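Coming up is one lone chain in structure tokens, specifically the form predicted on its own.
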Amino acid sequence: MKKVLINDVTIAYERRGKGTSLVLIHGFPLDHTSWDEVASLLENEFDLILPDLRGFGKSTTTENPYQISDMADDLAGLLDHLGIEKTLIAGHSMGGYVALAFAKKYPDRVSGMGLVSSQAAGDPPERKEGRYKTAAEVAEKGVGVVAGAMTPKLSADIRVQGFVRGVIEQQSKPAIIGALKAMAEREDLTSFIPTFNAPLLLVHGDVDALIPIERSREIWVLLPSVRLVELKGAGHMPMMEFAIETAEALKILK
């Protein structure tokens, strides 16, 4: 992987393929490798940029609190470094929050956006409280707290569970804690959706145990031009559970 210093953190990224640029943003608490299967199916048509968000994978983080919008700024800095003015972006789960924040802050740099197993709504009070509680448990007991709790919720597929647990266990406590707090404090961007004037794609599994498919359906009704791809039998990891279908859906953005 290549690395670049942006906003006082080192952002690691992989670049592969050729064609129209497409940034694939991973979810919590994973890294860019969660996109590997989809990337292999898209690299003949897209110039793929796969970053590790701050703190995750090979990227570094800071002990200071940060916001989802700061992660969006990291992405903007990476694109500047790569000389990419405008691009397609697609984010999974937390990566979708980053994609939305980026689209709001840098609308002229987005030619189309995909949200995979994500949502535009902010956290209700009880969810926010839960994230802070988990952050405190991670600080005390380590990342195993999240690995144990999230693995079965991410997917019912044993193969996928083995992969995500291994990835989660490799992450650092500061990354997990920082991201949990950033997600808890993220802006509700539901009202932003109707103002988005580029192609918007939603991909969601109908048995997602973390973010129900209703969250994507709520976005779908806000903007008539939205394309919604519902994957029957998919959980929270459609890029691994249904890699071919997810890759074909992302081609809609091209």
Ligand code: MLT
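Note that residue numbering begins at 1 and tracks the sequence as displayed. Computed from a prediction, not measured in an experiment: that's the story for all the values here.
Just so it is clear, the following notes concern the form predicted in complex with D-malate, a form of the same protein that is not shown.
- With a 4.5 Å cutoff on heavy atoms, Q119 counts as touching D-malate in the model of the complex.
- When D-malate is considered in the model of the complex, L228 lies well away from it, no heavy atom lying within 4.5 Å.
- Within this chain, I211 lines the site of D-malate in the model of the complex, having a heavy atom no more than 4.5 Å away.
- For P51, no non-hydrogen atom is located within 4.5 Å of D-malate in the model of the complex, even though that partner is not displayed.
- With the partner omitted from this view, the residue of R127, R159, H81, K86 that lies near D-malate in the model of the complex is R127 [heavy atom within 4.5 Å].
- For the candidate set M94, A103, V146, I177, a heavy atom within 4.5 Å of D-malate in the model of the complex is found for exactly one residue, namely M94.
- With D-malate left out of view, the stretch that reaches within 4.5 Å of it through heavy atoms in the model of the complex is, among 36 to 44, 22 to 30, 217 to 225, 197 to 205, 22 to 30.
- Applying a 4.5 Å heavy atom cutoff to D-malate in the model of the complex picks out M183 as the lone residue from 178 to 196.
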